[in-house]
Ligand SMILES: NC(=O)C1=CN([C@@H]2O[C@H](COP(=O)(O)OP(=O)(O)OC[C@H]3O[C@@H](n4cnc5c(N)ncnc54)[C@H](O)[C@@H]3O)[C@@H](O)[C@H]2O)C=CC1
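Only one chain comes next, encoded as structure tokens, the form predicted alone.
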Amino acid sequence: MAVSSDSPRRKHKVTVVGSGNWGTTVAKLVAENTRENSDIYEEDVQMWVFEEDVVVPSDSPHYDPAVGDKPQKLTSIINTYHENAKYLPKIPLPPNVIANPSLVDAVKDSSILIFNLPHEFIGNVCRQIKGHTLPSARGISCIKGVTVTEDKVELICEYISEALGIYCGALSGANIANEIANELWCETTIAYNTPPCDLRGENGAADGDADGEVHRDARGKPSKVQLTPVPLDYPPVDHAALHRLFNRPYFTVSMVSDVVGVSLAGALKNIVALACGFIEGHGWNMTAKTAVMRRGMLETIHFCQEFFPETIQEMTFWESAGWSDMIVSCTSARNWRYSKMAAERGVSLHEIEKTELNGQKLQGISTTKEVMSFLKARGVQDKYPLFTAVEGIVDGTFKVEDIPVLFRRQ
């Protein structure tokens, strides 16, 4: 039965799953927008926080001499002082960001879930909340990267979709959390291909023209996920609604439908960033780096076209998630910084990981290894000489100074 646009409508409840540096930043800007768009969103934004004991430093404006150095719960600090003192210090958060230590309670009754946590934790998180989310919930993954094995390439947003039985899009771009938190302008890309079951007509009723259309996966095949439509008493979840949720004067959002391009560009640029760090650490200049970036983007596009030909849209690579993110990653981000350090010191990147990263791992190394394993399993690694060279440099079987040879083989 059609529900007209005059019918009483419920508001979308929003939850951010994750509260690190980037997760808290996204919660901040989303909460600002739910207050300004309270016609379609509940104002309070739940933010799941992995509970920790935190000592408020004595130079903090929130330092309480009566508490002193006694550890306090991170959720209590956030909800009392409206600041994530550990992961985003000195950035005021809107009071409608509600820190919640219970993952299941944080997602309860939420119709929009924003996933923003290290990719290695997403599997465990999905297992915990499976069966506890609204069947009609929709998601946005802010987690860059993909899962690659010899058998397949799996987008993180599609993993979430299949694990929870919901549709999930992806956000990616040339985004640096601290800059956005300080409201320094940048842009981003959100890829969201509105499922046919969610399409609405002009009067707000279900779009009859969409009847019979099938929701398709990243390869253009009918999706294994049987979606529950967004109920008609909720506002639609589409490009317009998501733009209102994420766009800020300091955070310009571009909406596209190419989930594959946005997701893979965000992952493969890590390989190119390693190459640019090696180039700069070797002593070559910006013109050499731009040559590597150009070659890296060609291989990125070729990878997408070779393995996702049904859905990839080449114009996606001109979005913030494409060229913009690659430029930032190849000139200022972690993978570039530490591969440059390795070349300057004449040591392996694995050695830099051990001595400089305090137990953390460089995503570029794992991405390179996984992607090359996938390509070798299909015997097509020779089509990707830059990716192959990066693997060789990381493993010590290829020299940085031999990179220009790759360009003479074209």
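In case it trips you up, residue 1 is the first one in the sequence shown, and so on. In this text, the rigid core denotes the largest set of C-alpha atoms whose superposition between the two forms falls within 1.5 Å. Being a predicted model, the structure only gives us computed values, none of them experimental.
What comes next is about the form predicted together with the named molecule, which is not displayed.
Colleague: Quick check: superpose the C-alphas round the site, drop in the named molecule from its position in the predicted complex, and tell me whether this chain leaves it open or blocked (blocked if 3+ atoms sit within 2.4 Å of backbone or C-beta).
Modeller: Open, per the superposed partner pose.
Colleague: Contact between L164 and the named molecule in the predicted complex at 4.5 Å, heavy atoms?
Modeller: L164: no, not in contact with the named molecule in the predicted complex.
Colleague: Within a 4.5 Å heavy atom cut-off, is K361 in contact with the named molecule in the predicted complex?
Modeller: Answer yes; at least one heavy atom of K361 falls within 4.5 Å of the named molecule in the predicted complex.
Colleague: So, in the predicted complex, is T388 in contact with the named molecule at a 4.5 angstroms heavy atom limit?
Modeller: Heavy-atom contact with the named molecule at 4.5 Å: absent for T388.
Colleague: My question is simply whether H239 lines the interface with the named molecule in the predicted complex - judged by any non-hydrogen atom within 4.5 Å.
Modeller: No, H239 is distant from the partner.
Colleague: Only one of 38 to 46, 62 to 70, 352 to 360, 339 to 347 gets a heavy atom within 4.5 Å of the named molecule in the predicted complex; which is it?
Modeller: Result for this chain: 352 to 360.
Colleague: Tell me, which of F303, F317, Y87, F246 has a heavy atom within 4.5 angstroms of the named molecule in the predicted complex?
Modeller: If I apply the 4.5 Å criterion carefully, the residue I get is Y87.
Colleague: Can you pick the one in W284, Y250, Y81, F121 that has a heavy atom within 4.5 Å of the named molecule in the predicted complex?
Modeller: Contact residue from the list: F121.
Colleague: With the named molecule taken in the predicted complex, which residues across 330 to 347 come within 4.5 angstroms through any non-hydrogen atom?
Modeller: Residue within 4.5 Å: R334, and no other.
Colleague: Checking E353 here: with the core superposed, does its CA move 2 Å or more between the shown form and the other one?
Modeller: Where the cores coincide, E353 still shows a C-alpha shift between the shown form and the other one that is 2 Å or more.
Colleague: At a 2 Å cut-off on C-alpha positions, does S366 qualify as shifted between the shown form and the other one after fitting the rigid core?
Modeller: The answer is yes; the displacement is at least 2 Å.
Colleague: Is I140 one of the residues whose C-alpha moves 2 Å or more between the shown form and the other one after the core fit?
Modeller: No.
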